[in-house]
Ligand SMILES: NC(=O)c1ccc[n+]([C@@H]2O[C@H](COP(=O)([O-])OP(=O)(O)OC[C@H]3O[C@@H](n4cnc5c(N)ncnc54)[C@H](OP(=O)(O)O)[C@@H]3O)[C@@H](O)[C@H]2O)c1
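Only one chain is included here, represented as structure tokens and corresponding to the form predicted on its own.
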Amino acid sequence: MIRIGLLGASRIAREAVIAPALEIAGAAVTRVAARSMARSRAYADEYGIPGVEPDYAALVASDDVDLVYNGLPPSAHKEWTIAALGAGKHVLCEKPFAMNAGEAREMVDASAATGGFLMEAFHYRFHPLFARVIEILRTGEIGAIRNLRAHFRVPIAFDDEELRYHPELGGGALMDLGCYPVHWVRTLIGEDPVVLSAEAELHRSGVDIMAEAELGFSSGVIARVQCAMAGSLPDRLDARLSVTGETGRLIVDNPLAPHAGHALVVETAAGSRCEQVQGKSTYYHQLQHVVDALGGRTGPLLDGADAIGNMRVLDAIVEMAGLRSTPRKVGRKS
């Protein structure tokens, strides 16, 4: 049995860990630690978690925890991931993996030094849909890849309590949303690109509410990635991946959370078809993979080098868009 401890009483933990653990044999959420005992107890009572810890340090040291789920803001990923690994725990760390590639390297080095399992929680990667996308591309049905376009847009209203509007916590559209399109195209091409151009739109809080970049791969493939979280966007999740090849095109609507509805369209000279790929939630498949990896039944699909690589690209976009030279002050409600 893999006993899971939750760092943070986060919203995402409900869908990412608590719900799938109820379905997966060999996994159970046993502990939670939040900013206060009151919050921890309320969260534990709501979701049937048997134990609470007084603070994060106690949770990572708990004898009732084998795997720590780090759902804290990105600014706390390095500290508590390294602490958990040092305490002999395995870690599933939410995306974005760290604040920058340097922090990511420290985390991966700690994993290597302790022998602990460490994986970034890019849940989409474990759904059968993305495996099917890779399969189609490998068959050459649309020919050699020429360019890709990927975006992830969702409205997130400004609020003082919304961590995505706090730059010091690792907020912003690029970190929270843009990490996905970057990972999609890196995964499909199988290498890290250089950033050819990038631009961003800033909110008064100091975070970017829109960012886009053009990425170049050594093969000559060009990818355009874009993300946005402005509150004025249509009230729906908008995620799409398009791959154009020499002889056709592949389009995926909602590669992020296909369990909530998706479409996989392949267009060639022979015609067009739309596929639906069956599967449970992306989070179910992710947690099942972690349980299987810890049980020695499979190798990890995502590794530390991949996590560092994604952060390097995000860092380069930040530099190219001039975000690091911009004052990073937290905004307040007017």
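Residue positions are given as counts along the sequence shown, with the first one as 1. Just so it is clear, the structure is predicted and the values come from calculations on it, not from any experiment.
The next section is about a form of this same protein that is not shown, the form predicted in complex with the ligand.
Note on contacts: among 255, 167, 71, 193, the single residue with a heavy atom within 4.5 Å of the ligand in the model of the complex is 71. Exactly one listed residue, out of 233, 163, 134, 222, brings a non-hydrogen atom to within 4.5 Å of the ligand in the model of the complex: 163.
For the three marked residues, 11, 34 and 123, a heavy atom of each sits within 4.5 Å of the ligand in the model of the complex. Here the chain stands by itself, but in the model of the complex one stretch of 72-80, 142-150, 104-112, 195-203, 72-80, has heavy atoms within 4.5 Å of the ligand.
None of the heavy atoms of residue 41 is located within 4.5 Å of the ligand in the model of the complex. Remark: residue 180 counts among the residues lining the ligand in the model of the complex, judged by a heavy atom distance of 4.5 Å or less. Using a 4.5 angstroms threshold between heavy atoms, residue 240 stays clear of the ligand in the model of the complex.
In the model of the complex, the ligand sits within 4.5 Å of a heavy atom belonging to residue 56. Scanning 88-114 for heavy atoms within 4.5 Å of the ligand in the model of the complex gives 94, 95, 96 in sequence order.
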